[in-house]
Ligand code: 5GP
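Here you get one chain, nothing else, as structure tokens; it is the form predicted on its own.
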Amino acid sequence: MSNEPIMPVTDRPLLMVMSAPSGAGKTTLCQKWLAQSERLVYSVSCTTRKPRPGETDGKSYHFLAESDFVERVARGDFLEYARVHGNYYGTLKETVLEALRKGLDIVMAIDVQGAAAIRQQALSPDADPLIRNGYADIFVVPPSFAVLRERLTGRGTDAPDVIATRLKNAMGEVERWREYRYVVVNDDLAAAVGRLCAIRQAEHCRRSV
């Protein structure tokens, strides 16, 4: 009997896009997920908003002046970008492709607008094969809007009017959960991280498109 495998196995690198309404806990989830995973890296996004307490330039975000951000948009440096809550956010194309070329999985924590832009690119027949064959998206939700309000208020970093705006936007964002391949309820941090690990493993077992 032949020892040849039944079918070829390709362990392609993954581009995993995670979205969530503000306050759902995606940043903490990503940190815990990365700490428990090998060959998984985080895509540091660019933003024009001011750093929050404890955030570090180049680690939490690349904090850019709006003029710098707009200039990079004109050069075509971004894989996606959007204006959210009055500030620009975007993902540098080279950041993602460099990780995928190295065979690393990369996770992006971005808003629903950015995820839609990348999804459209990934589904295009002209997409870079690294993106097309490795793309998967996940939507993270809190157990309830009451919990979301508590988390946003508990931050102590945003003014009441900002919190009100974020809650209003969150309702619209949650309505788009059906656009995503996976949905994770962040009701328990350890359990939610376990679900993310399981999704990553499942995606590595899925055949290429």
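As the structure is a computational prediction, the values presented were derived from the model and not from experiment. The first residue of the sequence shown is number 1, and the count goes up from there.
Omitted here: the form predicted together with the named molecule. The next part is about that form.
This chain appears without its partner; in the predicted complex, the one residue of Ala136, Leu100, Ala122, Ala82 with a heavy atom within 4.5 Å of the named molecule is Ala82. Although the partner is absent here, Tyr61 lies within 4.5 Å of the named molecule in the predicted complex, judged by heavy atoms. Shown alone here, Ala20 lies within 4.5 Å of the named molecule in the predicted complex, counting heavy atoms only.
Contact check for Ala109: a non-hydrogen atom falls within 4.5 Å of the named molecule in the predicted complex. Among residues of the shown chain, Arg39 is not one whose heavy atoms approach the named molecule to within 4.5 Å in the predicted complex.
Interface residues of 87-122, taken as those with a heavy atom within 4.5 Å of the named molecule in the predicted complex (partner not displayed): Tyr89, Gly90, Thr91, Ala109, Ile110, Asp111, Gly114, in sequence order.
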